[in-house]
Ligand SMILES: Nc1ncnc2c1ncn2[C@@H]1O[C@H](COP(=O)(O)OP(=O)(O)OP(=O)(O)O)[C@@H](O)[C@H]1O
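The chain below stands alone and is given in structure tokens; this is the form predicted on its own.
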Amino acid sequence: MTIDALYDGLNYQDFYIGKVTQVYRSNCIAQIDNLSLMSDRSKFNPSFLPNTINNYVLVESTLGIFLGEIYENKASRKNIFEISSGDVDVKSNDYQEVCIDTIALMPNGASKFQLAGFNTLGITDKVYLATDSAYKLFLASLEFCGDDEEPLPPFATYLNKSKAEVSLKPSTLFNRHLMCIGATNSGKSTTALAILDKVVSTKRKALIIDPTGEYRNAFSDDEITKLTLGVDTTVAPGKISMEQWEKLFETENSSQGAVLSEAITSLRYMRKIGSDTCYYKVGEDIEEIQEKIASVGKDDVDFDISRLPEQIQLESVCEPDRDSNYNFKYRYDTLKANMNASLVQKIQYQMTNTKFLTFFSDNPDMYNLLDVIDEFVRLPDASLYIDTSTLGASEGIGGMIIDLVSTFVMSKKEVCPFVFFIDEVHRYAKSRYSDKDYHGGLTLLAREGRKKGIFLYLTTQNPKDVSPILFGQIGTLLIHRLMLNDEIRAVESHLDDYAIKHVRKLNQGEVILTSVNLLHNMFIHVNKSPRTQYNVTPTL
């Protein structure tokens, strides 16, 4: 492609500004010959400001056409007003220079930009201000995956090029997983919905887990199947693994986990023999009880979860000395009862939420969560929304549901590719009572899910609250304004020096998009979606 073709019918000589006078390995300096273009404000528009920096230029070289970004603009005159007034009396030692960072190269005969690599500019190469159309071509060249893939509709505009829309291919955003990061009121939720809008409206599959109900009316019933846990959707207690129960009730140590396991196994035995009462062990023969508990098989999974607090109290037993007939019988252990008290209180607290017991049931008149997800992963065009807000704000139940769903979808052999969106993933980071991460199933999904076509889309307020293993699997970041040093340090390996300096300066809705699938970081402003979203911060 020639320099003339890049200006799409315009006279490219009208955009000529000067020639390269100094060349370095990754940048150059050009002296301005056309001072009238740099000062003629009648030609200025929001995306074309040649008298400042962050503008893009095209450099005509023997190797092809270089794209560069102006990062420094300086004039030699002490009285700058002489230049702005268009004074034609230019002295021989007056000059204006721009410093240009070399970004990309379009080799001779090519139609797309690529990284400049070790290629450099030359002295006297001509420099032209780049138009929006030339920058759009650069945007189209940024992506180096999914060549035959249809891009998503535009969801943002470039910050310094208001007419250049950002329209990326799904693979660019999602094939190495996507995370949206930002402090409260930075525009994180708006960005999340803007991209989800384009995914759902173009009939691509999405599984949305919403812990706050923020997106409950964002999509119509025709676009997406909606479930509300504890209201119209249940899951059988027998489908939950012992590790997931520990996450749900946030056991503080291994002893509490063991007691919880014993209590659940006892209730499973009672259900096996057709009783929904608790299993009383005090005064009973130890060997006889152990034989009965051992009879619980892998198919005996159901139990009455409402009896769990009482059963944990009944597990406070120990083995005494033998009686006169050399028999062992359980006796009540006050020390164990005191140790189990905090676990009983946590479970009772969870159960005070009436939706909790409704959710963990076998109600045939309600949807079964895992059955619906099983159907979802097999249908090519279906999307699914799951509202978990009715189960309360507990991190335990949220972490358990994420782990349950992640493990379940990973167990499926045949999966139609989909985007797995989890809002406020930091809610499921760590227990309030232990240091155990909640990302067992989620980390497995991040590592192995791409092979099955499962792509994560996560939002979080603080990247430090996310498991380092999980964060290490994220290849694309949408970074909103961050203020704390530890937050910025968590993402600095994804950014260059210029971007790091501007993280604190981003306005609401402004984003740094960085990805392993892009040639260059992008500074964009996300367009607010017209869909309904309950994220307005109330005022006093």
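Just so you know, these numbers come straight off a predicted model, no measurement behind them. Start at 1 and count along the sequence shown; that's the residue number.
The protein also exists as the form predicted in complex with the ligand; that form is not presented, and the subsequent description refers to it.
Here the chain stands alone, but in the predicted complex its contact with the ligand, taken as any heavy atom within 4.5 Å, falls in 179-187 among 264-272, 340-348, 450-458, 179-187. Mapping the unseen interface onto this chain, Asn51 falls outside it, with no heavy atom inside 4.5 Å of the ligand in the predicted complex.
The ligand is not shown here, and in the predicted complex it never comes within 4.5 Å of any heavy atom of Asn27. Contact between Gln508 and the ligand in the predicted complex is found at the 4.5 Å heavy atom cutoff. Contact between Glu424 and the ligand in the predicted complex is found at the 4.5 Å heavy atom cutoff. If you take 521-536 and check each residue for a heavy atom within 4.5 Å of the ligand in the predicted complex, you get His525, Val526, Lys528, Asn535, Val536, in sequence order.
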